[in-house]
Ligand SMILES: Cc1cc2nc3c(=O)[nH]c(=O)nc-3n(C[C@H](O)[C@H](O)[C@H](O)COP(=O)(O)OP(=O)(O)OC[C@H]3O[C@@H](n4cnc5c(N)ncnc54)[C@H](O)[C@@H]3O)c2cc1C
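Next up: a single chain in structure tokens, the form predicted on its own.
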């Protein structure tokens, strides 16, 4: 099988599935990632809001791919790609040669040209981000407990979430529930249930990727949870303990950024044109135009559907692309078959709004409420890597539903000062 080595960069949903598909076919694969774990990003907000621990939503890459003898895992950071020599350069380590290259390194935060805001409003893409947000969030209430100044207590217990997409909505709802149902029982000098949770959205409505009626439902549910939603409110400045939005100065204890993403910078290493979000335009078979045997998928790819419309940056898209490319490359390498175009099968778009409240959009059918929440819970538990994670998360969700308790309220010591 020499001469057919596949290098996969990125151990997210797409990269893992490519490596798994090729490994099952016995094709040599080298999977490279900066982290040693595969992260279930859709539940990352629950780590940030103290509902789950990092170990509940992450699994070691080597364990995920255990038993696939042809798959080699490399812990390393890619610093260069030489498409002529067909090599991948690593920050610490010898270059890795490839015959086929797959890049699936996802996306990161976008502050729309204001990267300095990241010091005061962290985004949520990694476990480190989630731990930092959790620590700052809990510290705000701890400092309010120690303060004897009512105005300072109010500021510290004002939490702003910037961005009204699914991540922002899920964060805002979870923070409100944490304050009102869990932290309210833990303090003596403050009333945590009176905390102000703000959701700031620059556009005319939240959840713009969903139909209007689901967006309206989410607005009502967030209001019932005590979240103050402000639409048409673009953020103009963020500094320590202060946000300026639509000309108004808002004093906050903590702010979280959920307003935008940009593709992984690794796409720049290919030397091909990128769109405004840094994505690489790919063909229907996920190959990069003009580059032989190089494929890009997941959030790094601008992938057209059958009608030429770009596919959304969703976990289900990345996962389906990974499964498709793993099988297609195996057939190409083993049988010389031409890779078929990728076809996305919509399994529905969803967001949780709060306790037993969610929205679900299948395109042809939209629904919300209790049933949508159960659909959301079932799908997310099912997709978790590892049976023990599915079981533990299901048990924890059931326990929290009955007791309103959050089980991972830890403040880590290496939290960045703001």
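Residue numbers count along the first chain shown, from 1. From a predicted model like this one, the values you see are computed outputs, not experimental measurements.
Quick note: we don't show the form predicted in complex with the named molecule, though the next part is all about it.
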{"query": "Listed residue (124, 159, 176, 81) with a non-hydrogen atom within 4.5 angstroms of the named molecule in the predicted complex", "finding": "124"}
{"query": "Contact residue in the predicted complex, from 326, 267, 253, 106 (heavy atom within 4.5 Å of the named molecule)", "finding": "106"}
{"query": "Heavy atom of residue 356 within 4.5 Å of the named molecule in the predicted complex", "finding": "no"}
{"query": "Partner proximity in the predicted complex: residue 316 to the named molecule, non-hydrogen atom cutoff 4.5 Å", "finding": "yes"}
{"query": "Partner proximity in the predicted complex: residue 53 to the named molecule, non-hydrogen atom cutoff 4.5 Å", "finding": "no"}
{"query": "Residue 102: touches the named molecule in the predicted complex, heavy atom cutoff 4.5 angstroms", "finding": "no"}
{"query": "Contact stretch among 22 to 30, 65 to 73, 364 to 372, 38 to 46 - heavy atom within 4.5 Å of the named molecule in the predicted complex", "finding": "38 to 46"}
